[in-house]
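Okay, here we've got a single chain as structure tokens, the form predicted on its own, with questions on binding and movement later.
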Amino acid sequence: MEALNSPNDAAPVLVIGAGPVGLTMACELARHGARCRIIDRAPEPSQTSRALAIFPRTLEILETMGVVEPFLDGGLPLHGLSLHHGAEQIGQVDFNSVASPFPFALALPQSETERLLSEHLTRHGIAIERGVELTALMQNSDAVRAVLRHSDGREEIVETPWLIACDGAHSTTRHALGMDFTGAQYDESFILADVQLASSLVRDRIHLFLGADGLLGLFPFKENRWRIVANIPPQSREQTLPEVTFEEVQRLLERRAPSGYRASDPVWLSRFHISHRKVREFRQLRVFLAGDSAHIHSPAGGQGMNTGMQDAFNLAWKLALVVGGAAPTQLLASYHAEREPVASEVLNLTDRITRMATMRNSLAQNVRDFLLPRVSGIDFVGNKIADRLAELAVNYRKSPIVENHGVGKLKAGDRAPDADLRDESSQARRLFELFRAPRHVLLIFLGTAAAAATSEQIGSALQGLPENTVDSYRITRGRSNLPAELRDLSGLAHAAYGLTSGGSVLVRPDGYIGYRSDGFDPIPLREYLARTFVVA
């Protein structure tokens, strides 16, 4: 190929892959004002259910994107996880304890998730280009040149300032870059079936049956359907996997579930191997990897699609600021710094769950079945597990683009909590409503009257910033007469942020705290903003 030219500043970002991760990326780039183009090699959208669970943090993301309502209308809320051994329930984890507006997992087939995100993308004026695949790419410090093949055989060469690989576990982009996908395949194969099910199980929980010969997972979703997942111990690692039959699914039910459970009307049967793999770097020059193109792991815990969508949510606002000239390109280095540790932790978590659920040693199984009801019955432990599955425990405290001043349980890098407030007209407002704007949000907690007297100086830190990058709100505590845009009558918002005596918090567009201080000194905030934005 000939040498690359620098693409025009208005050239669109190129997103490869129109699954949930690529669609989230494209929607978010558009919401933040960055032009993008999204392609997918498949001629039609997928019709299979595949990923099924949407957890609370991802629902919060969908709310910020302005699209959560149709998801809630189409999905089935699942309020917890029940662990069984035969007919006996031996443990449970409840999601009702998670501190989120969405204290549940939502069961919704991936095909529906993609449909809803595609419709949302259409409202942003962007159409998915189907039957178009990436076949080659080259890049330098200024641009990426991608070779695209259309369904009619025509080749197109496009130059783009940034390319985002959301093209799955068998990523063409990753292969074109020559990036290693380090990890291994599990010995077990898995069977999946979407069926009608006659059983006595409640339909607002996930049910896992742990038995001597393996795991059986039953996941309810709408239209009275259930997802059945079961592991099959290997005869050998290289075994050829035959097509799964409905009779095999029914035999697994009879062996691993209580007697009398009967499946019917199968709409999808599949047998597959699973792996745990990850790239070393989530970025190579001007190409970023997100979702399964960067990391794959066991479906245990239902974390895969959720983690990938959160990859996209993390990267999109940063890339939009850089493309728009409002932030330096150095901001983009934080994508790998923040998301690679999350992916590593998800790989470790799902690997532990998988090995615990599929262990074949009878003594180890007995120990597991003895401990599970005792451990999960401890509220603190159950709540920790729920927070991990909900992905509310994710934090970026070690990120190079967060800064914390002062003490307190909540730190810069943590997810910003929601809280109920009142505006100047006494109308109810939620902090999460403020975070829906595609901008940073500076929260100035006035706290005590003495602290409020020194708060005015912090506004000077915002001078010279690019337009429409930071919104700011003053928040009083209790029934104060101080001038402010919002009132925290209960004081719970101040308490949630650990700033009962006052302080300042800068919340990023992805809902995480970038800067937190228990004071109002404008100098460190100004210095922080100068590293984040291009300041005049």
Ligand SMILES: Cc1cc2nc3c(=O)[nH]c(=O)nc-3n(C[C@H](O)[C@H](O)[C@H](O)COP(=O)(O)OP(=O)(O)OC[C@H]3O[C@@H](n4cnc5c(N)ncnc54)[C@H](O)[C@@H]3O)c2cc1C
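Residue indices: 1-based, along the sequence shown. This is a predicted model, so every value here is computed, not measured.
Form predicted in complex with the ligand: not shown, discussed below.
Look at 67-75, 432-440, 242-250, 165-173: in the predicted complex, residues with non-hydrogen atoms within 4.5 angstroms of the ligand sit in 165-173. Contact with the ligand in the predicted complex, defined as a heavy atom within 4.5 Å, holds for exactly one of 306, 455, 314, 100, namely 306. Comment: the ligand is not present in this chain, but in the predicted complex one of 30, 506, 53, 61 has a heavy atom within 4.5 Å of it, namely 53. Interface membership of residue 25, defined by any non-hydrogen atom within 4.5 Å of the ligand in the predicted complex, is ruled out. Mapping the unseen interface onto this chain, residue 41 counts among the residues with a heavy atom inside 4.5 Å of the ligand in the predicted complex.
Taking non-hydrogen atoms only, residue 414 never approaches the ligand to within 4.5 angstroms in the predicted complex.
Among heavy atoms of residue 227, some come within 4.5 Å of the ligand in the predicted complex. Along 254-277, a non-hydrogen atom within 4.5 Å of the ligand in the predicted complex is carried by 268, 272, in order along the sequence.
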